[in-house]
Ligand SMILES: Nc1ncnc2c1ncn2[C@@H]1O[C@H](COP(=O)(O)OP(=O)(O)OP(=O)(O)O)[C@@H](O)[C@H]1O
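The chain below stands alone, shown as structure tokens; this is the form predicted on its own.
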């Protein structure tokens, strides 16, 4: 399991040292360290470290000289609103902390902080990160921010509006929010609002009473009732007609529904996540989407970037889909040829992740050997290569061992920068996280040169 990087901020040195020792000493069942930990004596030093390093979690004291914990929380939110922050406070400041929780803090610890309480709170945050990592495949900076944002908002019951192009994986994001939430053991119900006839959608969402319309031979619970205590995902929310928008708004505001043909209000406790690839703001201006419903849904906005804007994820997704669909190719180990890999990396992917998965699944079925070639790829991808300049790309006739070349370049870059991941990544034109992924892929680690670790040596671990 990859180590999590934690920043502790406290103006009391003894407190910093104790917390740091406890976290550094935490090990897994195999004796491996779980956390890399840095410490700062105040908010200003924390901000300097935050600009130079990649952190997965921040623990900060509430009352400090200079910049206090609330001010630091606000500064961090402006720089990267996805970072989970745990506040540490004395008993008398609980009201302030509760206000901070509503403002985006992940959790709080009350001083004096016991070892068990500290480790359990941090482990809870890390467990949510792990749940999200298992659900979402991606190492790009953009997707890491999405993952951290999910961890941060998972504990809330507020509605989330997930926005992104078709095929970016909005339902997968919704499942990750549910999986990391306190509702994870309850139902996750998904419905595509565009796939159901508008006359039937009301019954699908709210249920109906027996005899309420032709064909209603028995009472039926709707998805709001079925998902009670759990999560309801409304995909393609922009396709709702105005009448259904009004009924949905009432259900969200009153937290109750009425079945079709019924008169009794039924209370429901459901967290609603909605998704769309439509421009809802324009639809509001054109009176095709209710403004009040838009604001009710958009309490927490979550934007998913298209695949062409996070190319670092293409190789990771490619490998993931190869493993996922290899059973369909007879279970034989498969790889992608050099030219096919290059073509997949250069393609714009208008259909995003869904299109990439489809291309890999198709290629696995068509491949006549243990290697996917250009000819195994869909025609639309091959045609783009032909259009983009006589043949698209060229490789030496004798071929290249792509993986060996990649490994060699990684080693040269790391040696040239004295094994500083950030500088090596910049040298190769990669993000920090892609560099880390590729080092992990080849099992490359810093030679033992005095025990200084990679994290300590990186002066810009965000890779930005």
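Numbering follows the first chain given and starts at 1. Since we're looking at a predicted model, the values are computed, not measured.
Just so it is clear, the following notes concern the form predicted in complex with the ligand, a form of the same protein that is not shown.
Out of the listed residues 181, 203, 168, 231, 168 is the one that sits within 4.5 Å of the ligand in the predicted complex by at least one heavy atom. This chain lacks the partner; the member of 75, 209, 239, 235 within 4.5 angstroms of the ligand in the predicted complex by a non-hydrogen atom is 235. Per the 4.5 Å heavy atom criterion, the ligand in the predicted complex is contacted by stretch 346 to 354, the sole one of 183 to 191, 283 to 291, 346 to 354, 373 to 381. Interface membership of residue 135, defined by any non-hydrogen atom within 4.5 Å of the ligand in the predicted complex, is confirmed. Using a 4.5 angstroms threshold between heavy atoms, residue 172 counts as touching the ligand in the predicted complex. Although the partner is absent here, residue 317 is a contact residue: one of its heavy atoms lies within 4.5 angstroms of the ligand in the predicted complex.
The ligand is not drawn, but in the predicted complex it has a heavy atom within 4.5 Å of residue 277.
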